[in-house]
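Here you get one chain, nothing else, as structure tokens; it is the form predicted alone.
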């Protein structure tokens, strides 16, 4: 490292940190990105199955609903730095964009050019193109980047003091937390920063995996692995209602995918943060028996047999309408993290912590997460750009 005093230090070398650095030209101000792992943007490279689903098409007003209860709180930054802005920025740097079918997406036509696009990817289908663009812009903006720089401590002593795991200390006037969540710890998102922020006194809502497969007791569909059922309604019941089946934590509809070990597919991924061990999850197939795959029909009939071996039609009908399972777990390697720094702690106009001068939190480290479809990388963009606006103004950059 060139020195131990910086104007801005970004802790985290993933999507949100790199997006911030790509938008903030430091001029002569010293700025540093600390990446806890050996490479930048490892999780970004994995996103979208390696294709990097950067955002979603359609009007930005519809994005608010993709983040559940947090959507209204995020509204300001989503509108200020929208999906259209994100698409235009990458396009302006020569990154061609396409929808999930490979059809070109032209953001130069405004929102009308993206309304029917759905999920948006780099046309190359390579997440590396997105990562390289972000790293290139961060370097052009004069950010110093250090990998294998794991942070072990953070305190306020006039300036912010950042302690690295090797004992080395840095000072910064402004610190941006961009460390992600708890999933895929090998990429640097191991949740350790939440403990440090909790020690500072920030309100941290318990982090947990989201957009993850769900495992259940007595899972009967292992032989259907790879089979997808469209338009299935899934209900997750709250813990205080798991026995009575009256209280609903969440209800969603979409495609269900059976795997060897449990349930997956968009509808399960989207509801997974509401499914906890011991709670009930209900599958409503919304179909007649003959509309389901034949192997599934056979399994449902077997599950409906009485003691004498006869198929009980009332039980069969009940399974079609509410196939109930007790959740045993949610895959720890969720695509994103639910929970994190409470939005109540944040000034959403700036992404600055209300009670700590010079401290910012962006991206997945916040207690905000979206459904599948590019919404979580859009959240990284919108919060990073909002943070960049405030730092630019504050430092007259």
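Everything numeric in this text was worked out from a predicted model, so none of it was measured. Positions refer to the first chain, counted from 1.
What follows is about the form predicted together with a small molecule, which we do not show.
Peer 1: Consider the chain as shown here, without its partner, and state which of 82, 189, 270, 174 has a heavy atom within 4.5 Å of the small molecule in the predicted complex.
Peer 2: Answer to the contact question: 189.
Peer 1: With the small molecule left out of view, choose which of 170, 138, 283, 149 has a non-hydrogen atom within 4.5 angstroms of it in the predicted complex.
Peer 2: Result of the distance check: 149.
Peer 1: Please tell me whether the candidate spot formed by 17, 336 and 376 is one where all three residues come within 4.5 Å of the small molecule in the predicted complex (heavy atoms).
Peer 2: Yes: each residue has a heavy atom within 4.5 Å of the partner.
Peer 1: When the small molecule is placed as it is in the predicted complex, which of 324 to 332, 57 to 65, 359 to 367, 344 to 352 ends up with heavy atoms within 4.5 Å of it?
Peer 2: Of the options, only 359 to 367 has residues within 4.5 Å of the partner.
Peer 1: Although the small molecule is absent from this view, report whether residue 193 comes within 4.5 Å of it in the predicted complex, heavy atoms only.
Peer 2: Judged by the heavy-atom cut-off of 4.5 Å, residue 193 is in contact with the small molecule in the predicted complex.
Peer 1: So in the predicted complex, does any heavy atom of residue 48 sit within 4.5 Å of the small molecule?
Peer 2: Output for residue 48 is yes: heavy atoms within 4.5 Å of the small molecule.
Peer 1: Hey, in the predicted complex, is residue 44 touching the small molecule, heavy atoms inside 4.5 Å?
Peer 2: Residue-level check for residue 44: yes, a contact with the small molecule.
Peer 1: Is there any non-hydrogen atom of residue 31 lying within 4.5 Å of the small molecule in the predicted complex?
Peer 2: Looking in the predicted complex, residue contacts with the small molecule do not include residue 31, since no heavy atom lies within 4.5 Å.
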